[in-house]
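Next up: a single chain in structure tokens, the form predicted alone.
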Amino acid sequence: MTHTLHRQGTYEELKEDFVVLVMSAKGFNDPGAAPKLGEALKIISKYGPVNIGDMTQGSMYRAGFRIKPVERLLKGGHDRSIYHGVFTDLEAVKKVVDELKAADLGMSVVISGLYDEVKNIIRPHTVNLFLGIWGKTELLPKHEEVLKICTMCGHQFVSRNLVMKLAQDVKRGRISPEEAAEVMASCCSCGIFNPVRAVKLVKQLVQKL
């Protein structure tokens, strides 16, 4: 799964941005996987994720999911659900990984984050690396904060225009940075958007407008 791979930022910024993904393997162990995936989601939710979601249902910021999001995601879960949890603390990720190992659910687990950090908590089966942006880079957003925010949604449902509009609203005092981050997070269909980091980036962006 590479939709979590392209997050932009400095090394220090990305030390506060990790994604844990759990899924079944199509045609291999997906029949009857829903209860096991549900157990994985319960484990993920125990350690303070700043966002959770299912690629087929949306995130905890989706309308109707903000109250009891875990229960709602479990209710709508199925054998092909792909559950995500976003963390700002590597120690929390380590605890999640340790408990998932102990549970031995047989599901695939993907950890996205700085390789130097992640390799210390899990022995990877496969490693995918982001090698930068190629092509017409002059078409990228003018402000680096916009790109950092947009790439936290791997399916590009958080547009640069939305980010700029919300940043302008923050600058004018219409909404808070936290409210802006929640709007952005609600657009990310699978729940890998990091709203805590988005708040910091919005504040930095506002200073440039």
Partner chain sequence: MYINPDRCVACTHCVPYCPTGAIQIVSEGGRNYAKVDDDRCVECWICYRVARCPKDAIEPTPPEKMPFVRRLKFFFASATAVWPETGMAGRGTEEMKTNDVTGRFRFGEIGFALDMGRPTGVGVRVSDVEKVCKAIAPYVTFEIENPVTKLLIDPKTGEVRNPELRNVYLLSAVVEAKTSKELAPKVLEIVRDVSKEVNTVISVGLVSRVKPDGEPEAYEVLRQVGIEAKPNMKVNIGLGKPFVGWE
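Positions refer to the first chain, counted from 1. Quick caveat, the model's predicted, so the values are computed rather than measured.
From this point on, the text means the form predicted in complex with the partner chain, which you will not see here.
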| item | value |
| --- | --- |
| Whether 80, 110 and 122 all lie within 4.5 angstroms of the partner chain in the predicted bound form by heavy atom | yes |
| Touches the partner chain in the predicted bound form: residue 201 (any heavy atom, 4.5 Å) | no |
| Proximity of residue 104 to the partner chain in the predicted bound form, heavy atoms at 4.5 Å | yes |
| Proximity of residue 136 to the partner chain in the predicted bound form, heavy atoms at 4.5 Å | yes |
| Contact label in the predicted bound form: residue 150 to the partner chain, heavy atom within 4.5 Å | yes |
| Option touching the partner chain, based on a heavy atom within 4.5 Å in the predicted bound form, out of 55, 52, 43, 170 | 55 |
| Contact set, 124-159 vs the partner chain in the predicted bound form - heavy atom within 4.5 angstroms | 124, 125, 126, 127, 128, 129, 130, 131, 132, 133, 134, 135, 136, 137, 139, 140, 141, 147, 150, 151, 154, 155, 156, 157, 159 |
